[in-house]
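Only one chain is shown below, in structure tokens, and it's the form predicted alone.
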């Protein structure tokens, strides 16, 4: 039986990397008493995988892990048991039992499903950002009206300039307006549990960007290009990025928690 676990990463744990999160969950599920399936062979390991890795320093409401179990009592018991052993900064929001797949077919993992992501970009207090929220909105709209938006797409071996405008799927400056535009109301909006850092200046931008293994656009690249367009200094530490949701386009664009 394969389960999809949706969890939040926030607070000081935004500074730990993806491999540390993997190791953390490997130990947490054992402390929670989950009946985990192990691989066969000389070096058995838990059957566990994660969706799109989160950059260090970025917080999130909706990270995803898939894990295989031999047995379970109930989804609610699984959730209660894992949250009982969690440290501050990681919290399991939802656990779903995935549908059985047909014989001789291969399940598509969460990592392969990811096609888009939502982000909230906040301006931190105390940093030199020259625009009020109203000016930020006007200047970003001017920036977006360009025929092309160029960013540096970096890999481990090279860097190239690309036009990322086709990969900006939506933007707004208001949370509810943002989801009204893309006609999706994520579950976390209903209960108000966003797990994001908030700042007194109340300046923020919401972006929906193409994400995944084929094309992955990072929100900090958009902000860096925005700053270059308006001739202002880009300080990466002035912006707090929060990932709000990951999407699949397997059945039209849907949040991963809706894909069974």
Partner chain sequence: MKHLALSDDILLTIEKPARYIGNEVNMVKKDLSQIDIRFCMCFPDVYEVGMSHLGIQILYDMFNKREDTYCERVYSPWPDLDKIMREKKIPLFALESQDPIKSFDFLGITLQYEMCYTNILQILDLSGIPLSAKNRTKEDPIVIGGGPCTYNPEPVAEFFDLFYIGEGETVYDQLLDAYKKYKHENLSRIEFLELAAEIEGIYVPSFYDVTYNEEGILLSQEPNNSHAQKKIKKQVESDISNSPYPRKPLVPYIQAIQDRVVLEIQRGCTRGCRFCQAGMIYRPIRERDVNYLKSLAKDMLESTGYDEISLSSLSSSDYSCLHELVYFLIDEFRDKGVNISLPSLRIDSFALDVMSKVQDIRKSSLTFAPEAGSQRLRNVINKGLTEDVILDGAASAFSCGWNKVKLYFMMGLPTETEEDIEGIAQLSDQIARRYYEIPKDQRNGKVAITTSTSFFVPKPFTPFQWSRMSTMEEFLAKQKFLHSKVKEQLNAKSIRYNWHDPETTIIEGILARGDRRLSSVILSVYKAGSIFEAWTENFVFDRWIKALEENQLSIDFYNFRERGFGELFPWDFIDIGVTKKFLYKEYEQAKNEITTPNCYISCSGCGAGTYQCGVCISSHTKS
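Numbering follows the first chain given and starts at 1. Because the structure is predicted, anything quoted here is derived from the model rather than measured.
Same protein, other form: the form predicted together with its partner chain, not shown, and the subject of what follows.
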Non-hydrogen atoms within 4.5 angstroms of its partner chain in the predicted bound form: do 10, 23 and 27 all have one?
yes
Heavy atom within 4.5 Å of its partner chain in the predicted bound form - the one residue of 87, 152, 133, 109 that qualifies
87
Non-hydrogen atom contact residue 248 with its partner chain in the predicted bound form at 4.5 angstroms
no
Flag residue 139 as yes or no: does it have a non-hydrogen atom within 4.5 angstroms of any non-hydrogen atom of its partner chain in the predicted bound form?
no
Would you classify residue 31 as touching its partner chain in the predicted bound form, given a 4.5 Å non-hydrogen atom cut-off?
yes
Residue 124 near its partner chain in the predicted bound form, any heavy atom under 4.5 Å?
yes
Among the candidate stretches 35 to 43, 216 to 224, 60 to 68, 201 to 209, which one is within 4.5 Å of its partner chain in the predicted bound form when only heavy atoms are counted?
35 to 43
